[in-house]
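A single chain, nothing else alongside it, follows as structure tokens in the form predicted alone.
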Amino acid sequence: MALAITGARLNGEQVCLRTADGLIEELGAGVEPRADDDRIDATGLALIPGLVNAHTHAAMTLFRGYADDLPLMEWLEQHIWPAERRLEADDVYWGTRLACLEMARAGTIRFWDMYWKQAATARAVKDAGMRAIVGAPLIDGKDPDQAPRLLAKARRTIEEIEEAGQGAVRPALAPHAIYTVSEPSLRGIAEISAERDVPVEIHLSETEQEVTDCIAETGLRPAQYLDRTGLLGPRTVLAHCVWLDQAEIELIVERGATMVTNPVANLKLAVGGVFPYAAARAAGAEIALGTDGAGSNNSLDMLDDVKAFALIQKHVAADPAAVTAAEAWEIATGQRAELVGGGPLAAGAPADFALARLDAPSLALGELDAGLVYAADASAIRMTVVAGRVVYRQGDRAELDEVLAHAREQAARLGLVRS
């Protein structure tokens, strides 16, 4: 059944939006709902593009509040990775279902995920009604002899994600980082990506130590080294990108790769630097925003992250106009990075959007972009729609209570919560 959103405000005027087959069929002031439409009265609500979380580890909602306040590598090696070795499919399924609810509650319609038990993630996304690009972490411990095994696994994960996601999920290849994956494996992943036209997501230049080690081992900085492997290209999404220099930024732009900044996670893990947004923008980079996982953020609310992104960039530039609210909002909704998805609302576009409450204190006065970026939180989102289906409606707790109960059970099984 088609969905008709009536009475919503868009760019200052009252409009009607109609969906059909997961797309926006009509949108405008003169559009009228049809007799058989499923109607939603959106009077007093603003129609806004959905947010795109361009880098996260969804099932790590189970790890929220576990092993906090530690340096990145100590956090990973001594706490997160040992716990993750105990993960089972049900853990990942319910952790991802909880993540989907949390993201939808704040207006997110699509996310890029890198996590274990990828089929369980894909199934959870499908069941939640969300969209996602999912990749399984690929790690060979930098052992070149393990490359054939890792590349065989990479091919299997593509098939598993496609089968489990049933159209709601697009597969990705997800080599973890240059310090956990050997060069032969990175080269092979680049070849599979080209062969299958599958995107790649990888952590890059998150810490200064990563840069120092890469130069010591290869004589190159991380982006240059990734380019040597053939993995820096238009299908590649680079998460973090904190410690890039100007030459690397220009190389990334030349190759057409996408940079994703994760400001809140980087602040919490104290990586010691800030994403060089001004230089990346000046070079013409494709730029997106992500939360990282709930183990390191600890929130999946993109409204939190877009504010942090804008304020940090203003601060480091010593210029309050360094990033405008409208610009930050475009980045958060995927409109400054074609690969990650998202975009403006228009006829023919995917029917993915949110409705924000104009009576919320944060949005009742002033410009909408400024309210969304600098003031709003998830409480301002009344409804989120993906592919023409309502996936979140404020006040509806039936699904949330079920998902929370299962997530708590799985976290307890893993020893991640207090008794």
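We number the residues from 1 along the sequence you see. Keep in mind that what you see is a predicted model, and the values were worked out from it rather than measured.
We do not show the form predicted together with a further copy of the same chain, though everything after this point is about it.
Residue contact with a further copy of the same chain in the predicted complex: Leu98 places a heavy atom within 4.5 Å of it. At the 4.5 Å threshold, heavy atoms of Val323 reach a further copy of the same chain in the predicted complex. Contact annotation: Glu88 falls outside 4.5 Å of a further copy of the same chain in the predicted complex, judged by heavy atom distances. Residue contact check for Asp377: one or more of its heavy atoms lie within 4.5 Å of a further copy of the same chain in the predicted complex. Remark: of stretches 264 to 272, 199 to 207, 277 to 285, 118 to 126, the one touching a further copy of the same chain in the predicted complex is 264 to 272 (heavy atom within 4.5 Å). At a distance of at most 4.5 angstroms from a further copy of the same chain in the predicted complex, all three residues Leu358, Pro361 and Leu368 contribute at least one non-hydrogen atom. Here is the short version: of Leu311, Leu345, Ala147, Val253, the single residue with a heavy atom within 4.5 Å of a further copy of the same chain in the predicted complex is Leu311.
Only one of the listed residues (Thr180, Gln335, Gln224, Asn298) places a non-hydrogen atom within 4.5 angstroms of a further copy of the same chain in the predicted complex, and that residue is Asn298. Taking a 4.5 Å heavy atom cutoff to a further copy of the same chain in the predicted complex, the contacting residues in 26 to 64 are Thr61, Leu62, Arg64.
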